[in-house]
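Let's start with one chain on its own, the form predicted alone, as structure tokens.
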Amino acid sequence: MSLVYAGVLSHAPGITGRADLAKNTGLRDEFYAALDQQRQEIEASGAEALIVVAAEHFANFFMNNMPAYCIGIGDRYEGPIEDPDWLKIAKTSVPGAGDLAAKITREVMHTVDVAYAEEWKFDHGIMVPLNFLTPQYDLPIIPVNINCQGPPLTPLPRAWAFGEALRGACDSVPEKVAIVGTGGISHWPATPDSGKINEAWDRDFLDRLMRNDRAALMDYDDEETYQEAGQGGFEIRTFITIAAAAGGLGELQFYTAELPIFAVGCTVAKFSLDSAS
């Protein structure tokens, strides 16, 4: 089995960019500690590359070309595309895993149609997680985007199928691969409701996710999600993909809605890997 770790974590620009504005510094530091624990677990897994399944924010893909899925097959990437002073992450060059990513992409193509890209500018959706999970940028990264932003959105059953395809692809290569999904749960970015978090909705989703209950996870409707969790709630697709790839139960390691300056429910979790998936 070549998939050696599967987890999820939140991303939002405020997690790094507004760290000094958090009123509850103790809770902020607990969140950071949970992210550091995730880093340690990835390192302990022996992973030789990290797949980051994210929701891109119109930095590379726009309405003239919006793939349902895209996998990066480049040897190096640059980020963040945003102002580094605003994000509080310096611009840097991030190592890719071009040959491995190409092998994984070819394998995924047997069951799911997927685009690929040799060039990719990382925005906060990838750079914020990397800031915590590989702060020295010394672990090769395979970026993956799921369309969570430009309707018609990738249907949830297809996000699940994509996760299963990624698992099969990872298990087909000799390299040890870790995978994380990153997004928000409920959040309303770049709107007057920025900072609003629907904790009850988040916790219900996380309960379904940690049980890895496919039927319950497929029961979400985009219109209802938009009303209850904002346009940022569409990013549940990245978390669902990881649940499908892992196949096992999840362990919620951290969640809080009490850091509104980060404008997202802050989440860290991992999954057991079901060898039968």
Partner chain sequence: MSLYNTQKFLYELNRDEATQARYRADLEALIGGFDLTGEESNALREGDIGLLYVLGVNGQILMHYAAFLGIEWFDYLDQMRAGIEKYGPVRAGVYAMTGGGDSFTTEGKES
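Numbering follows the first chain given and starts at 1. Source: prediction; values computed, not measured.
We do not show the form predicted in complex with its partner chain, though everything after this point is about it.
Engineer: So which of A190, A115, M109, A161 gets a non-hydrogen atom within 4.5 Å of its partner chain in the predicted complex?
Structural biologist: Selected residue: A190.
Engineer: Can you check whether L139 is within 4.5 Å of its partner chain in the predicted complex, heavy atom basis?
Structural biologist: No, no contact at 4.5 Å.
Engineer: Any of the heavy atoms of G265 lying within 4.5 Å of its partner chain in the predicted complex?
Structural biologist: Close contact is absent here: in the predicted complex, G265 is far from its partner chain, nothing within 4.5 Å, heavy atoms only.
Engineer: Is G195 close to its partner chain in the predicted complex, meaning a heavy atom pair under 4.5 Å apart or at it?
Structural biologist: Yes.
Engineer: With a 4.5 Å heavy atom cut-off, would you call Q231 a contact of its partner chain in the predicted complex?
Structural biologist: Contact check for Q231: yes, within 4.5 Å of its partner chain in the predicted complex.
Engineer: Only one of 101 to 109, 171 to 179, 128 to 136, 85 to 93 has heavy atoms within 4.5 Å of its partner chain in the predicted complex; I'd like to know which.
Structural biologist: Heavy-atom contact with the partner occurs in 85 to 93.
Engineer: Going by its partner chain in the predicted complex, which residues of 51 to 70 come within 4.5 Å of it through any heavy atom?
Structural biologist: The stretch touches the partner through H57, F58, A59, N60, F61, F62, M63, N64.
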